[in-house]
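Here's a solo chain for you in structure tokens, the form predicted on its own.
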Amino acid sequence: MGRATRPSPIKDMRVLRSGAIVPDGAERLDTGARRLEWSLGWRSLVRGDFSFGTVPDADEWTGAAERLAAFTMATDPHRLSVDDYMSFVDGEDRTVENGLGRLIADWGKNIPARLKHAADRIAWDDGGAVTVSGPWGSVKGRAVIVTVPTGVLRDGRIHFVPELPDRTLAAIEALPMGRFMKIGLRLESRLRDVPEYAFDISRANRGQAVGFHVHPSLPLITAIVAGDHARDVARMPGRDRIAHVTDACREAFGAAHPAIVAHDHYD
């Protein structure tokens, strides 16, 4: 599509402790992550799979790395599988010129797609044809790709005919959804000369972690919450939700950062 990309390095991070910047926090957090992975590796060889929450913190920074790892996986340490984490293949994050939304819209502009057509029934017959239907009607084809979250499948919002095999239903039940919410904060002017990310380890220790991503060229900060904290924030009235992440933003970047003029969220 001819879009330029740029690296979005997670190591370009402002690490805070109770709102105060830790000068070498990014390096300490990186060291803590390496110690954590070494500890998890040999423990999993001996014990098999277990959750992060059962691992005693060797020091402050391995503990912080553990909570950051769970945060990035959209959950909390006691729900994160060590086997799952250790088998996770990570790569370099890159941002796309004009955003991923515009990239997808441009790429698919010639594809016949119907928006706001929720499907509630998928049926296939002996001849191999598949019929997808909803309040809007139905469409028939040779195959269907189902990409809805496992929570939608678990709740039975889509009826399959015939029913899905027991093995598939068991897998859906055993794979719960993570919780991840992003709240965009548009500023009066762009933040300059600050790291691209910010994370307060004290907030993480309290189970109230808020991560921040500073857009490199736009007056935009994205506040990120995950796990049970994301659930709690989602339940807040809108005004309280914005106040909650705005307070954390002021802790991370100082009260003198440009005023927030608009906000939005998605999860």
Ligand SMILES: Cc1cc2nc3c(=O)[nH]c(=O)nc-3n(C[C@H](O)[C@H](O)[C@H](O)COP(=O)(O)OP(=O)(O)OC[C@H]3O[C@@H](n4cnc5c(N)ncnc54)[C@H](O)[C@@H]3O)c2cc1C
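In this text, all values refer to a predicted model and were calculated from it rather than measured experimentally. When you see a residue number, it is the position in the sequence shown, counting from 1.
Same protein, other form: the form predicted together with this ligand, not shown, and the subject of what follows.
- Between the options Val82, Leu185, Met181, Met73, the residue in contact with this ligand in the predicted bound form by a heavy atom within 4.5 angstroms is Met181.
- When this ligand is considered in the predicted bound form, only one residue from Ile158, Ile172, Val130, Leu103 comes within 4.5 Å through any heavy atom, namely Ile158.
- Although the partner is absent here, Gly108 is not a contact residue: none of its heavy atoms lies within 4.5 angstroms of this ligand in the predicted bound form.
- Mapping the unseen interface onto this chain, Gly141 falls outside it, with no heavy atom inside 4.5 Å of this ligand in the predicted bound form.
- The closest non-hydrogen atom of Val148 lies within 4.5 Å of this ligand in the predicted bound form.
- For Ala118, a non-hydrogen atom is located within 4.5 Å of this ligand in the predicted bound form, even though that partner is not displayed.
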